[in-house]
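Okay, so here's just one chain, in structure tokens, the form predicted alone.
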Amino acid sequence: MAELSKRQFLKSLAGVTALSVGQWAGLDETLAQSAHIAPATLATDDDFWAKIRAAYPVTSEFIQLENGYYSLAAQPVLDSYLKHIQQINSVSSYYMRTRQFDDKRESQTQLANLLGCSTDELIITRNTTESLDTVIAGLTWKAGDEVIMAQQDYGAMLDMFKLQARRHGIVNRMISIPAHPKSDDEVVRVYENAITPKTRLLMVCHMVNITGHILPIRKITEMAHRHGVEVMVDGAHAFAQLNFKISDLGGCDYYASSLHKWLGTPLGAGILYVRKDKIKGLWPLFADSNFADDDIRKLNHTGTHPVATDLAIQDAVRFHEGIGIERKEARLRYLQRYWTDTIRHHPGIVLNTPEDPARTCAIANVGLEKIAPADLAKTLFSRYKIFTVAIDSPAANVRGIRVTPHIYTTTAELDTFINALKALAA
């Protein structure tokens, strides 16, 4: 058998990765016809979004309102991903030894462009937890160092800091984010009041995963930096849901997100951004002597891993950019307001998400006064075929279900949800 050249194999892969957004049910034409319409106007056009929905393999067995954990990859992305698996499998180690690193670098570059940072400040990980753990475990701690975090932060991150407290003797200072703040300054003051001369790091969510509350990251970062405190941002739900660049966040030191949530990649992809001047100070989790201390690639020694996912990132980015982040964010904001505005002041219903539209996007949390969160989630699914997730956290002052529609969610599905809530509240 003749040796397969790099050029031949690259050409073979290009046939897959050059997939157009609209190679699925005429989507290119739909997007082109709507190019002149403002995103806020298009957000309310159910006919347009029905055509977008057709590009997703949405189940008909239940209403999916738990997209925040893991959202569907669009069918063009999924098709391409499966082809990547087949083609890489056909040549196995040949691809791994000749192409994988260049292809991963291209995926990194495209993600860095989305985030607005240098490729030399970003690595691809498996998820947000891995990314943030890389920072937390990579810092050089000494006993007495203090870290600020919130009761509303993601549980895995809180656990990681508890581990560092056991191992290194650091002090974790917990604050609680006001659920319905009247201003950004109210939120910033809560964090600032916890800072002491021993504070080294402040962890903050870009978007609180259990309530959807968008925090004023720029103001928090600038405040923390005035006190000489580094800022690590958990952006698990913000990347590819909100229209922003890293420069909008006030020079935060570390930023992490998962790509299987709102970018729509297959499972197993995340990002870690480390500001260039902070790379040298992080110890890698896994040793790699090939890179200098100030090279972010030192943090990315993952061994043999599912490289088809790295390639599928490029397909997901292409699909995401075809839709457009402005359109996407506007639709997600509209869907959340569509149902929350209807039930916000309804008797027996409690919303755990700010009313100010600037402080939210797709995610919201709702509870019923007389039904426990777990029972509410169970009843919604068993009686109405609506899938959500229960959040019952007295420490975070959040008791309800998290509701996360996606761009393929219809207003008719949300009508079913609204009617179910009202019926259960009665």
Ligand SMILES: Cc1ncc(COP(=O)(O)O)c(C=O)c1O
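Quantities reported herein were computed from a predicted structural model and do not represent experimental measurements. Heads up: residue numbers just count along the shown sequence, starting at 1.
Below, we turn to the form predicted together with the named molecule, even though it does not appear here.
Exercise for the section: Tell me, out of Y334, Y154, W141, Y81, which residue has a non-hydrogen atom within 4.5 angstroms of the named molecule in the predicted bound form. Expected result: Result of the distance check: Y154.
Handout entry: The unique member of T340, T353, Q314, T128 whose heavy atoms fall within 4.5 Å of the named molecule in the predicted bound form
Key = It is T128 that has a heavy atom within 4.5 Å of the partner.
Problem - Which of 257-265, 94-102, 223-231, 180-188 lines the interface with the named molecule in the predicted bound form (heavy atom within 4.5 Å) - result: Going by heavy atoms within 4.5 Å, the stretch is 257-265.
Practice task
Using the partner position in the predicted bound form, report whether N209 sits within 4.5 Å of the named molecule, counting heavy atoms only.
Solution key: Heavy-atom contact with the named molecule at 4.5 Å: present for N209.
Practice task
Examine L249 and determine whether its closest non-hydrogen atom to the named molecule in the predicted bound form is within 4.5 angstroms.
Solution key: It does not: once the named molecule is placed as it appears in the predicted bound form, L249 has no heavy atom within 4.5 Å of it.
Problem - Any non-hydrogen atom of A236 within 4.5 angstroms of the named molecule in the predicted bound form - result: Yes, contact at 4.5 Å.
Practice task
Examine C205 and determine whether its closest non-hydrogen atom to the named molecule in the predicted bound form is within 4.5 angstroms.
Solution key: C205 belongs to the contact set for the named molecule.
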